[in-house]
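One chain comes next, on its own, written as structure tokens: the form predicted on its own.
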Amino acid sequence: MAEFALAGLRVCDFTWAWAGPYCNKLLADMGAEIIKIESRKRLDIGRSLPPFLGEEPGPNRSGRYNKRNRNKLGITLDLTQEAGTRLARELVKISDVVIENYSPLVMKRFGFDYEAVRELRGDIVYLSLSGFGATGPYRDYVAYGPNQAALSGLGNLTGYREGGPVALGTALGDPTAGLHGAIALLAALHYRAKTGKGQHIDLSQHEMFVSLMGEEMMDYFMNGRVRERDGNRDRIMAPHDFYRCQGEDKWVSIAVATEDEWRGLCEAMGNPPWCREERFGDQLSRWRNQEELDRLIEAWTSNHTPGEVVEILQQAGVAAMPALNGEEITNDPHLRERGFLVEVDHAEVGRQTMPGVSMKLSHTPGAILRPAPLVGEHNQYVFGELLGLPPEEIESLMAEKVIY
């Protein structure tokens, strides 16, 4: 695996759900050895989440889990037993990194908080991807994706002015926090390579989400102004919306930022007379008359398929893209040609298509080398080969439900 950028890096993975597993997935795609620790008493919650192949649930059948945990090794270990924590401590000693995404008290209860782990390996890099960080009044609060969006302020911006906040289409905070965590880990590993010193990374998913708010926060800091919900509208660009096209529930996104783009849009639509009306004569006028402008544009788009609209407008230099559903994303010719959609063989669910590695390094590219682990799939390798336990001891620990 020398051709992978992170080959030789070993991660002791205590994470579950999404933020932590996504962070580890990014590292695993680049060659890091991720050893995921679960227990049959408390499997990763991701294993219970749909979709399932053929609508048949099972701990190894979740598409969501299998996508987030590819390229990893999986072991089962009961950390509520002393023998289990002893084995986990031995695993920490031979690892470069420990990652967890629980509230602060959880890892301390198991004896694997940063201070305890640092006693096992002094130069360990330890990433905590908790919801609210290791300090502060919210530190022990429980939260999932919709709660994160609400507390960050993003949920209050999502929706239409006449309605209330609308949930995001996905728990955006989790994978974004995972990405921030991966960057922080690489920075800490670079520091260790220069100094020989490890460190603790306290990454609050909440603070990460708030950091994405940008102009909304700055507008309040600078002007004391609270932004209202605007639906699909932009504060400057017009037109800026989704427009209905030919076909059932088919839409296209169009956004125009400059006068050149506006002229390109008008020419693409055949220069209808209303394009020359004073109410659409400049950017501010178009912004003030968006409702009527959107109606006129949709009268044109509704006579074309999304693909036709995109081809016509892109040739005119106008930003336009179809609103794709899952089937259309899977068959997208651009993703296919770039080799982004990859087929992966899984022992239980067979060959499945999933997103590949999005970061294309020219000399050390990542790859999907193995599917997500079955429950306890790599117990023999980790406990036998890495930790050197004899077969009879492994069998004894399995019988005692320590390796379980």
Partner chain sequence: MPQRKSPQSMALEGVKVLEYAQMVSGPYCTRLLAHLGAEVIKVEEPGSGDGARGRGPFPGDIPHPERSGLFLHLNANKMGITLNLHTNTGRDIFKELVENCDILVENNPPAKMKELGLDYATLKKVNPQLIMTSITPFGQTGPYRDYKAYDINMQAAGGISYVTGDPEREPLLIPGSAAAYQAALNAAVATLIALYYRDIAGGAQHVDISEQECIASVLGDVISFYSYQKVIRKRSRLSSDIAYRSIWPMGIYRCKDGYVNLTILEPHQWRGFVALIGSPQWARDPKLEERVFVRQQASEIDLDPLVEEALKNYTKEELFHQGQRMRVTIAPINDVAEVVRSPQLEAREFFVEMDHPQAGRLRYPGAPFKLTETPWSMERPAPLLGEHNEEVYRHRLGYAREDLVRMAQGGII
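Every value quoted in this text rests on a predicted model; they were computed, and no experiment measured them. Positions refer to the first chain, counted from 1.
Just so it is clear, the following notes concern the form predicted in complex with the partner chain, a form of the same protein that is not shown.
Colleague: Go through Ala319, Ala299, Ala116, Ala83 and name the one with a heavy atom inside 4.5 Å of the partner chain in the predicted complex.
Modeller: Spelling it out, the residue with a heavy atom inside the cut-off is Ala319.
Colleague: Report the residue, out of Glu308, Glu277, Asp282, Asp219, that has at least one non-hydrogen atom within 4.5 angstroms of the partner chain in the predicted complex.
Modeller: In short, Asp219.
Colleague: Do Ser211 and the partner chain share at least one heavy atom pair within 4.5 Å in the predicted complex?
Modeller: Contact check for Ser211: yes, within 4.5 Å of the partner chain in the predicted complex.
Colleague: Answer with yes or no whether Arg295 is in contact with the partner chain in the predicted complex, where contact means some heavy atom within 4.5 Å.
Modeller: Judged by the heavy-atom cut-off of 4.5 Å, Arg295 is well away from the partner chain in the predicted complex.
Colleague: Classify Leu361 as contacting or not contacting the partner chain in the predicted complex by the rule of any non-hydrogen atom within 4.5 angstroms, answering yes or no.
Modeller: Contact with the partner chain, yes.
Colleague: Leu374 near the partner chain in the predicted complex, any heavy atom under 4.5 Å?
Modeller: Contact with the partner chain, no.
Colleague: Select, from the options 264-272, 229-237, 86-94, 285-293, the stretch whose residues sit within 4.5 angstroms of the partner chain in the predicted complex by heavy atom distance.
Modeller: Looking at the partner contacts, the answer comes out as 229-237.
Colleague: Going by heavy atoms, what in 147-183 lies within 4.5 angstroms of the partner chain in the predicted complex?
Modeller: In sequence order, Asn147, Ala150, Leu151, Ser152, Gly153, Leu154, Gly155, Asn156, Leu157, Thr158, Gly159, Tyr160, Glu162, Gly164, Pro165, Val166, Ala167, Leu168, Gly169, Thr170, Leu172, Pro175, Thr176, Leu179, His180, Ala182, Ile183 come within 4.5 Å of the partner.
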